[in-house]
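Next comes just one chain, in structure tokens: the form predicted on its own.
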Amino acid sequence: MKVWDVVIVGAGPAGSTAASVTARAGLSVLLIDKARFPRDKPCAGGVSVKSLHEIGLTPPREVIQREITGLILGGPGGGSSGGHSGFLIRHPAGERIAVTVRRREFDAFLVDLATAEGACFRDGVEVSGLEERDDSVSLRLATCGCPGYSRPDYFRPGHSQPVHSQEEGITARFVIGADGAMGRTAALSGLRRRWRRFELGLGIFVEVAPGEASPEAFQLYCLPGIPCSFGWVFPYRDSVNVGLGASALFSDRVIGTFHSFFGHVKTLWHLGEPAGSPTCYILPAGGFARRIATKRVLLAGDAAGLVDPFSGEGIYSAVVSGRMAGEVVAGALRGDLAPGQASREYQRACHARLTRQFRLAMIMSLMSGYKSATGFRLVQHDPGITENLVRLMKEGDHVYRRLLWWHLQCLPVGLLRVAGINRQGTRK
């Protein structure tokens, strides 16, 4: 029986990046995914410039839906002062800050990069069993009759029960679990049995005809009904993705708030009618203390709970953690690290580069709280805040430390300025 150097479970951005890194290092790599590719994936579809920098190249034109060069911020009620106008900020004009993609094409593009480096790819295959030994990992693979994704039990990994057939056993020296928040690798390896509700965010979206929505700007909206939440409108070639992100602690409010928000932006931009029901998905917030590696099993991306708790962005940390997991495994198999050291080094690297930043991001998210009219006027009258929102899409390491320090310095002056404006308005 062939022993693979590394088996990577899940062919999203984290798994495909790890496959590219390890295959480029000369390792024998098997990348598997339970869905048949190309497959759809619930996602808003925004890919920041910093994510593209981590990937190392820009996707081909046919993969990119739109180039994003601007940012529209909508206040409570959708407008710049509670009305319906909104406002557009470009930083600077013509400079790309992100792109939008459909995950069907984007993930297939990343898989093609991995196979071009020499990785083997098998779709329609799921891990049904895993046993870790001192020098290897034994896996049971089964042909999966689940072509896409199903409605999840939000808090329990390995929730789905697809029809399996033709089980086979394989052996790997390392396993990288990149099979998402509800993947089975975390549970089978004993790294995580279930999520806690406060660790999760919920996303909900629909795609509709674009109407008069800007084809080159991200739109972000304050939603006063749910703490630490926001709405978005992201442009595609022939449609827009309208969605909402919020903490799972407020899951009972999400559907009602989403329908209210969608009704508003639909009227504001003359959007089309949705073709079907909204799609829901979960986002495991980064920043919590978690064990994400055993001696020979490493979790990456959403499977490790590495999603930015302020912006909701997951692709950047998926690519970063996939790269780090691949580099650590390659180092261990070269003899630079012992297996036990490899898991500790990976945990340390994720903490240093991602988890620390996510804890600061969590503070910023909690500071924002309810998106009140006063808070929105503060953004409106201080261009530096919108500059910093754009920096989140362009910069990776240490960005939240700089942003938090900047806000702590500028917030008192900004609040006094807004209070003065409010008093002047009251006198009039």
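The first residue of the shown sequence is 1; numbering continues from there. Everything numeric in this text was worked out from a predicted model, so none of it was measured.
Omitted from view is the form predicted together with a small molecule, to which the following refers.
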property: Contact check for 35, 41 and 282 against the small molecule in the model of the complex, heavy atom at 4.5 Å; result: yes
property: One stretch from 328 to 336, 174 to 182, 342 to 350, 266 to 274 that, in the model of the complex, holds residues within 4.5 Å of the small molecule by heavy atom; result: 174 to 182
property: 4.5 Å heavy atom contact, residue 11 to the small molecule in the model of the complex; result: yes
property: is_contact(residue 313, the small molecule) in the model of the complex, heavy atom dist at most 4.5 Å; result: yes
property: Residue 103, heavy atom within 4.5 angstroms of the small molecule in the model of the complex; result: yes
property: Partner contact for residue 226 in the model of the complex: the small molecule, 4.5 angstroms, heavy atom; result: no
property: Position in contact with the small molecule when the complex is considered in the model of the complex, options 358, 262, 195, 232, heavy atoms within 4.5 Å; result: 232
property: Contact residue in the model of the complex, chosen from 125, 72, 108, 248 - any heavy atom within 4.5 Å of the small molecule; result: 125
